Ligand SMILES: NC(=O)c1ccc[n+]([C@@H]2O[C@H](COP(=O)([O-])OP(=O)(O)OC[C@H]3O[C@@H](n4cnc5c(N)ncnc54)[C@H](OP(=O)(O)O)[C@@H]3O)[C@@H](O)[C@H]2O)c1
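Just one chain is shown here, as structure tokens, and it is the form predicted alone.
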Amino acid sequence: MTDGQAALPSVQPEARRPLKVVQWATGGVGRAAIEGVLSHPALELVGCWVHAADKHGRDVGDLLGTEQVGVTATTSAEEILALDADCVVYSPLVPNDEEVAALLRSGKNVVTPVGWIYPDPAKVGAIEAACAEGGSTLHGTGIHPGGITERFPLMLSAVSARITHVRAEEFSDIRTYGAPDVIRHVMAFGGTPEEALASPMAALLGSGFRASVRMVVAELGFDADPHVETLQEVAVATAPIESPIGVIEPGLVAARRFHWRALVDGVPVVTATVNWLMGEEHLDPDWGFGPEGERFEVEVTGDPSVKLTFKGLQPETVEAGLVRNPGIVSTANHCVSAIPYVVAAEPGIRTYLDLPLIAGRAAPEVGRHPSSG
């Protein structure tokens, strides 16, 4: 800082007391979110909702395989609604509008990676009413969708002009995703191409990705067709492939690719793409990750054209990913980092376009307490 230059105020909405947080659901994202809350200097875990009866009544630390944290998990939604809490990290596999509305009506803000990234105002009247009744805020976030797909492309677009296309793309080895039932029965890996193309996966993913695409279209000002195009492709095994869901036999699905595209006069202007492969061997078509390996990419075509590559959000090995997948952890961290900003926001559904810059926090050993000035 030069002489006479005043320090700029921080945009961090630090509270005078720790914000009380509830975790809803303890799948991979939920467990990672709990870890994030416990390490965040401005947050305090005060509750945890679980689906499985065998988790009810157990200390949350037991569910994480760590030392006890003094918070007991419950299957009772009523107990959670009655808690004094500032925010709920809501991360079930499939969202339930009625659950979210009840949390909002109870005065709890909600941060979630399973929806509401950029919702259609015509379809969220009940949620908006719940926010108004509870004086609460709902924010949808995540990674892809929820970050790579719209937050980071919009940030990158600021250094370009005359933009003609924005692309967000994931290249991941799906063998590192530790949910074998979902991979087999929802994603339809290991099934026939016909089963995969008819599976609910495109629809489940599409609600989030279409919202992300619409956000970029609206903010950049593209005159795009309101219908976001959905395309999906499959690759099959040409030889037996070992995988966490068992051996994938020749002719069965071993890779999937999804595209969501906004079009102007039939030409894509915003594209979000997912490439999920069971490794790079024995596939037809012969898909692969290319020389850059697993990654996320954001590319803005304009003046100048800019490309950003994210590394580190995929695990180094399949085995490491099944223990701790950094993509899942980063999804949870994005939720946790948003909590202070969402609690400080005005009631209603708030997207990235409504909130200030969201940032993480320093590790305790190198940081300072938020109340220390």
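We call the rigid core whatever largest set of C-alpha positions still superposes within 1.5 Å between the two forms. Numbering starts at 1 and follows the sequence shown. These numbers were taken from a predicted model, which means no experiment stands behind them.
This next part talks about the form predicted together with the ligand, which is not shown.
**Q** By the heavy atom within 4.5 Å rule, which residue out of 43, 50, 313, 345 makes contact with the ligand in the model of the complex?
**A** So the residue touching the ligand in the model of the complex, by this definition, is 50.
**Q** Could you tell me which one of 279, 134, 92, 268 places a heavy atom within 4.5 Å of the ligand in the model of the complex?
**A** Looking at the other structure, the residue within range turns out to be 92.
**Q** Give a yes or no on whether each residue among 127, 207 and 351 has a heavy atom within 4.5 Å of the ligand in the model of the complex.
**A** Not one of the three qualifies.
**Q** Contact with the ligand in the model of the complex for residue 177, defined as at least one heavy atom pair within 4.5 Å: yes or no?
**A** Contact with the ligand, yes.
**Q** So, in the model of the complex, is residue 324 in contact with the ligand at a 4.5 angstroms heavy atom limit?
**A** Heavy-atom contact with the ligand at 4.5 Å: absent for residue 324.
**Q** Spell out, yes or no, whether the shortest heavy atom distance between residue 113 and the ligand in the model of the complex is within 4.5 Å.
**A** Residue 113 belongs to the contact set for the ligand.
**Q** Looking in the model of the complex, any heavy atom of residue 333 within 4.5 Å of the ligand?
**A** Outside the cut-off, so no.
**Q** Any idea which of 336-344, 316-324, 23-31, 303-311 reaches within 4.5 Å of the ligand in the model of the complex, heavy atoms considered?
**A** Selected stretch: 23-31.
**Q** Residue by residue through 291-326, tell me which have a non-hydrogen atom within 4.5 angstroms of the ligand in the model of the complex.
**A** None of them.
**Q** Is residue 154 one of the residues whose C-alpha moves 2 Å or more between this form and the one not shown after the core fit?
**A** No; residue 154 is a residue whose C-alpha shifts by less than 2 Å between this form and the one not shown when the cores are overlaid.
**Q** Kindly check if the Cα atom of residue 101 is displaced 2 angstroms or more between this form and the one not shown relative to the superposed rigid core.
**A** Moves: no, less than 2 Å.
**Q** Superposing on the rigid core, is the Cα displacement of residue 181 between this form and the one not shown 2 Å or more?
**A** Result for residue 181: yes, a 2 Å-plus shift.
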